[in-house]
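Single chain ahead, written as structure tokens, the form predicted on its own.
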Amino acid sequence: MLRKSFESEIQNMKNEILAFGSMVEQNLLESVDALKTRDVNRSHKVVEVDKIINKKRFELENEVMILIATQQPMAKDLRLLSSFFEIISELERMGDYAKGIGVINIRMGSEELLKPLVDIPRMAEKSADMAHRALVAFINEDVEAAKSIPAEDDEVDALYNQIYRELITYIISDPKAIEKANWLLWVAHNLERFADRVINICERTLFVVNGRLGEIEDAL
């Protein structure tokens, strides 16, 4: 009976983490769409949602601490609960990147975008999709899915490099464009870092299932 109760609490926590991740993913997409449309009001909302994300992080961590204290887990259960901590923290940091993009749009004020956004929204969509699938793999303890996702980070990196090269050409042709170019470069940087943290979530799936902690490439 006690084991059934523990398993139910674990499933509830997994559901909460999945919902937490969805909140982070949606705020990332919203931050980029607000930038694309230069909607500063929406960016202010992105910043406000980040405050909710920060608060939720501590609420979830407290729930995990209560589980550890009351259930005294061992072996795989302890690996799972410790991974909850790590993933909750990763998601909060990922949320910071969305907030950062919102802040950039706010700071730009009435400035026009240097160019229409094409690759930056692609980066955002790819990164959010990777994050969602990484969390689903973790929840389902799906090692094969977790192993397959990190390779997709190369696509995000390629988009980042493409954006970087394009922005450099704008600066070379017009040095006065450097500030506008820097705004977009920082946005792309935030998206690239967001995707990098997805790999950490994938590594946690392997740790829970196999007890192996380290670079995911070592487990391939």
Partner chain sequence: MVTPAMTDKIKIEGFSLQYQDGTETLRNVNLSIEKNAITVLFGPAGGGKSSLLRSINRLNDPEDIKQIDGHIFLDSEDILSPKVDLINLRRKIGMVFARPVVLPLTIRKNITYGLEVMGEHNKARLDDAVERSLRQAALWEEINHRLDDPAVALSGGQQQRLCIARTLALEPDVIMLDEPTSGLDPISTGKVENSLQELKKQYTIILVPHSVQQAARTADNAAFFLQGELIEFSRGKGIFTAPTVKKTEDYVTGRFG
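Computed from a predicted model, the values in this text were never measured in an experiment. Residue numbers count along the first chain shown, from 1.
The form predicted together with the partner chain exists for this protein as well; it is not shown, and the discussion that follows is about that form.
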{"item": "Contact of residue 118 with the partner chain in the model of the complex (heavy atom, 4.5 Å)", "value": "no"}
{"item": "Partner contact for residue 104 in the model of the complex: the partner chain, 4.5 angstroms, heavy atom", "value": "no"}
{"item": "4.5 Å heavy atom contact, residue 72 to the partner chain in the model of the complex", "value": "yes"}
{"item": "Residue contact check: residue 79 to the partner chain in the model of the complex, 4.5 Å heavy atom", "value": "yes"}
